[in-house]
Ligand SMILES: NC(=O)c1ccc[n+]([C@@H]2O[C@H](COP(=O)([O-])OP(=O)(O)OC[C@H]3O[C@@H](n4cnc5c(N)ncnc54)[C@H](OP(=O)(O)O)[C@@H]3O)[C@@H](O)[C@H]2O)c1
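Let's start with one chain on its own, the form predicted alone, as structure tokens.
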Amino acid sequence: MTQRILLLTGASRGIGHATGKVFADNGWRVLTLSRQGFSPRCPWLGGPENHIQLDLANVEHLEPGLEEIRRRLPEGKLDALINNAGISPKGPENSRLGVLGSAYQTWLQVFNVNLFSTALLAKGLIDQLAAAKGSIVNVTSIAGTRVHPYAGAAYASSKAALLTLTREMAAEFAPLGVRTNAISPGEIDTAILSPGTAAFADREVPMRRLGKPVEVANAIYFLCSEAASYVNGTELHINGGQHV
């Protein structure tokens, strides 16, 4: 069988890192994309050779990046695109940035990374995704549906918009054979947690714990598998019941 190929943004830590490992362990070739060079923390085979350095905050640089991605798909097929990269700027002493504390440049940077690049990557790779009857997974957030004590206004707004974009892509791309879904993580145990998140989860999450990155990664893998062949346009909540 031809090896399936994944393009994963934001792979060096947290959910992205766990996702790359799950797909690699299942025999996929994992192409990674980030603004930094390849991270030695990523343990999968062929990682450095399959890494593309691209800053998604600079959408002007996206077209050359897309050309490089397409060059690395020798059969012209991409089986999965996972838009995991995201930024959530903080204020002094790691404080939450509300509307009054967020400058235009903050909004622009957040939306470039969290929303606009997602649409442009999908648009630029739709032929390759269609050729493989592939799948797109967008990583939204519980902050997209409610005011969150740690996620800022720009981040939350971008994630709410990303869910709407997911529905638009699902409707537009499905006739091409490409499924688009979203996952909405809650409080996941990663290195970038804000102080107090563990205690918050113990109070607010019905399961009374933080989620594990691999629990999110397994859900992403499901959405890209044949087991989810009739799942399209949905947002899968992965938050221990926090959204109820």
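Being a predicted model, the structure only gives us computed values, none of them experimental. Residue positions are given as counts along the sequence shown, with the first one as 1.
Just so you know, the form predicted together with the named molecule exists too; it's not on screen, but the next bit is about it.
In plain terms, the part of the chain that comes close to the named molecule in the predicted bound form, with a heavy atom within 4.5 Å, is 53-61 out of 66-74, 24-32, 53-61, 174-182. Only one of the listed residues (166, 128, 135, 140) places a non-hydrogen atom within 4.5 angstroms of the named molecule in the predicted bound form, and that residue is 140.
Interface residue among 97, 87, 161, 120 relative to the named molecule in the predicted bound form, by the heavy atom within 4.5 Å criterion: 87. Although the partner is absent here, residue 188 is a contact residue: one of its heavy atoms lies within 4.5 angstroms of the named molecule in the predicted bound form. In the predicted bound form, residue 20 stays away from the named molecule, with no heavy atom inside 4.5 Å.
Taking the partner from elsewhere, residue 223 is found to have every heavy atom lying beyond 4.5 Å of the named molecule in the predicted bound form. The closest non-hydrogen atom of residue 110 lies beyond 4.5 Å of the named molecule in the predicted bound form. For the stretch 7-28, the set of residues having any non-hydrogen atom within 4.5 angstroms of the named molecule in the predicted bound form comprises 10, 11, 12, 13, 14, 15, 16, in sequence order.
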